[in-house]
Ligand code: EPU
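As structure tokens, one chain now follows by itself in the form predicted alone.
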Amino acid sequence: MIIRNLDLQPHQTMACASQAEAAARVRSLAELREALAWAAVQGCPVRVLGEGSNVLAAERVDGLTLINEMVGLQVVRQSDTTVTVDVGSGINWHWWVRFSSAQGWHGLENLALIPGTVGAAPVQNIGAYGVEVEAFVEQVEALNLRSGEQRIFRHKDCAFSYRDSVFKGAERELWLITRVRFCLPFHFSPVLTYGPLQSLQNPTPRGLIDQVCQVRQQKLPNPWQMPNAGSFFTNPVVDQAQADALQKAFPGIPVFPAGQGRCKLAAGWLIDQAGWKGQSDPESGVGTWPQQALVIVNPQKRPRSDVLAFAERIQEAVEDRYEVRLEREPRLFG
């Protein structure tokens, strides 16, 4: 069951050169507990890896790496307007979006083609084109990697916010999410308020998914052809006074309301205007994608240190120009 010196390069979409000291593929709670018991005997740390779409792996990851392959899907209840479904955390996210929509369970269509697993979705509260997954998460079932305790996190316990949750903050790396419970409406009410979706008129659920996929494929490289971790930086949130000052100094800067007197800036625009769109390091090859400045690519599959060094140069350039510090979205693994 325990795999020694597993090559992790194929297990993360940024394809950073990496090797796990020990690893285990877990497909059930029983296998998970068995792996955790082994780690306890060894006295080694435990980390969880899904499809690796939002991680930057170290060259050597010590301890035990759990590769989450937990599946399963169960309808819990139905009403006249909604269906509630438990979904295994190791299921591919895009598959779940397409499957749920095809069943007549709606709401997730705007989140099509986001890489990763179902279990990763609530960790950073994934979102796209005006929709965030938290709107449809009723609860999250997780197992404590240290104590073995099983716990249900109700929606309010998850502390969801923009690209954040309790699993990314206060409870970071403490829990392995085993199942996510979704409550989805039967009525299809498409959200078409963002960018290229605004041109759609009365789309079908399948039509909306296809359009979202087309837009994402135009802007984002296929990670299995061009290694990347999707959006590398989150859109910064600033207070109204700073947003007003930036709009005065830089006419045309995109600013969006973020609630509670705060505003969200477009990180891709900031990077582009700072001159970093389509740029790359001549030695490592690490660079930004020409069609989307938010995406950092790693064509030579270089180590994490090279990726972080390039990202730091972008952060410094944006901060020097706009006095705004971009925050990294992918988490460090190992």
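The first residue of the shown sequence is 1; numbering continues from there. Just so it is clear, the structure is predicted and the values come from calculations on it, not from any experiment.
One more form of this protein should be noted, the form predicted in complex with the ligand, which is absent from this view; the next part is about it.
Novice: Heavy atom within 4.5 Å of the ligand in the model of the complex: which of 169, 72, 261, 254?
Specialist: The residue in contact is 254.
Novice: Which residue, 219, 206, 151, 154, is the contact with the ligand in the model of the complex, using a 4.5 Å heavy atom cutoff?
Specialist: None of the other options qualify; the answer is 219.
Novice: Taking 175, 177 and 334 as a possible spot, do all three reach the ligand in the model of the complex with a heavy atom inside 4.5 Å?
Specialist: The answer is no; none of 175, 177 and 334 reaches the ligand.
Novice: Would you please decide whether residue 129 lies within 4.5 angstroms of the ligand in the model of the complex, comparing each non-hydrogen atom pair?
Specialist: Because a heavy atom of residue 129 falls inside 4.5 Å of the ligand in the model of the complex, the answer is yes.
Novice: Although the ligand is absent from this view, report whether residue 293 comes within 4.5 Å of it in the model of the complex, heavy atoms only.
Specialist: Although the ligand is absent here, residue 293 would touch it in the model of the complex, with heavy atoms inside 4.5 Å.
Novice: According to a 4.5 angstroms non-hydrogen atom cut-off, is residue 268 in contact with the ligand in the model of the complex?
Specialist: The answer is yes: residue 268 has a heavy atom within 4.5 Å of the ligand.
Novice: Spell out, yes or no, whether the shortest heavy atom distance between residue 230 and the ligand in the model of the complex is within 4.5 Å.
Specialist: Yes, residue 230 sits close enough to the ligand in the model of the complex that at least one of its heavy atoms falls within 4.5 Å.
Novice: Given that the partner is absent here, state which listed stretch (233-241, 184-192, 134-142, 94-102) has heavy atoms within 4.5 Å of the ligand in the model of the complex.
Specialist: Stretch 233-241 is the one.
Novice: Is any part of 33-71 within 4.5 angstroms of the ligand in the model of the complex by a non-hydrogen atom, and which residues would that be?
Specialist: If the 4.5 Å heavy-atom criterion is applied to the ligand in the model of the complex, 33-71 yields nothing.
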